[in-house]
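Quick setup: one chain, the form predicted alone, written in structure tokens, and binding and motion questions come after.
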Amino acid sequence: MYFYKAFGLNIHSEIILPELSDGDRTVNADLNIRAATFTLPSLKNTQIYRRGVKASFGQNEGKELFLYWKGIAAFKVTDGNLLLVSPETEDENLISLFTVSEALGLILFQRGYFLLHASSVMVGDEAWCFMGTPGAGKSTTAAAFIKAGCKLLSDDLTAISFDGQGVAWVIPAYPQLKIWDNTVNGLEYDKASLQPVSEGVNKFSYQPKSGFQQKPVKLKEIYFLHKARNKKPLSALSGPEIPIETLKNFPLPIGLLNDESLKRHFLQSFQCVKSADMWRKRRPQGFAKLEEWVNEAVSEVNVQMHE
């Protein structure tokens, strides 16, 4: 048995998941991950690809959720506390990659978290999130903030919870940020401090396991990144745009959002506005301008903290 910590959950797993933080074997599990075989229900194709493989999704009358990646693994999610994994490959790294992504996201969905396809960092004592279409620069922007001294909170999947006063908090995920080699070179990261993601993929993994933030961080800024030159460099999102943009950046099968769950998603979108500013931002062109913006933003926050 392996013991991990991720998204605030104590995890007991029969499957090795090296991306996650080490956990405490003496505490009870919030989530059990087991290897098992099970029967899949009728599945539908999703809009989700990972490593070029398209995911299929289904659910049964018991409201158990299923995710299937042909040739990789099938996943069954129950009650937000049990994740069954049925591998179709012996590659442990692939099994881990697919387990800690959308499959773990289904657990968080069942637990009622507000989920976004976003990377997040801790700027001062605030959480900042970056979203956008593939290639918009979510991970690159997060990497620039980390280079400027900020802490990583999440990569690709960001989970948000709300306290009794409706304040939004980002739940730190696990210490891994995956960045392409052009970002490594452009931001002048030391390759010796990074891990190759896997053979044949020009991506590297930044793993700040020492001192990784585990406590929730108050949400303060959300940026929807784009590269369109015909749009303003920065504009605040209007009320009607907010749930539409967050819906575009929902990281799980869209079939999950119907009736009550869709209503919950919209309500949580507007709850975020109480805590955070939401912006549509054109990503600065080139690494030098990106770092210039990042350094100015970090300096402003640091000044505000000491006023």
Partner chain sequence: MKYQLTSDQISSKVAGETVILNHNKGAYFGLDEVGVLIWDTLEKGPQTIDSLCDVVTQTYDVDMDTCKEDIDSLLKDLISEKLVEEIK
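Numbering follows the first chain given and starts at 1. A quick note: this is a predicted structure, and the numbers were derived from the prediction, not measured.
The discussion below concerns the form predicted together with the partner chain, not included here.
The contact with the partner chain in the predicted complex, taken as any heavy atom within 4.5 Å, belongs to 244 out of 244, 35, 43, 53. Across the proposed site, 147, 208 and 212 without exception lack any heavy atom within 4.5 Å of the partner chain in the predicted complex.
Not displayed here, the partner chain is kept clear of residue 279 by more than 4.5 Å at the level of heavy atoms in the predicted complex. In the predicted complex, the partner chain sits within 4.5 Å of a heavy atom belonging to residue 259. None of the heavy atoms of residue 62 is located within 4.5 Å of the partner chain in the predicted complex. Among residues of the shown chain, residue 263 is one whose heavy atoms approach the partner chain to within 4.5 Å in the predicted complex. You can rule out all but one of 62 to 70, 25 to 33, 270 to 278, 44 to 52: in the predicted complex, only 270 to 278 has residues with a heavy atom within 4.5 Å of the partner chain.
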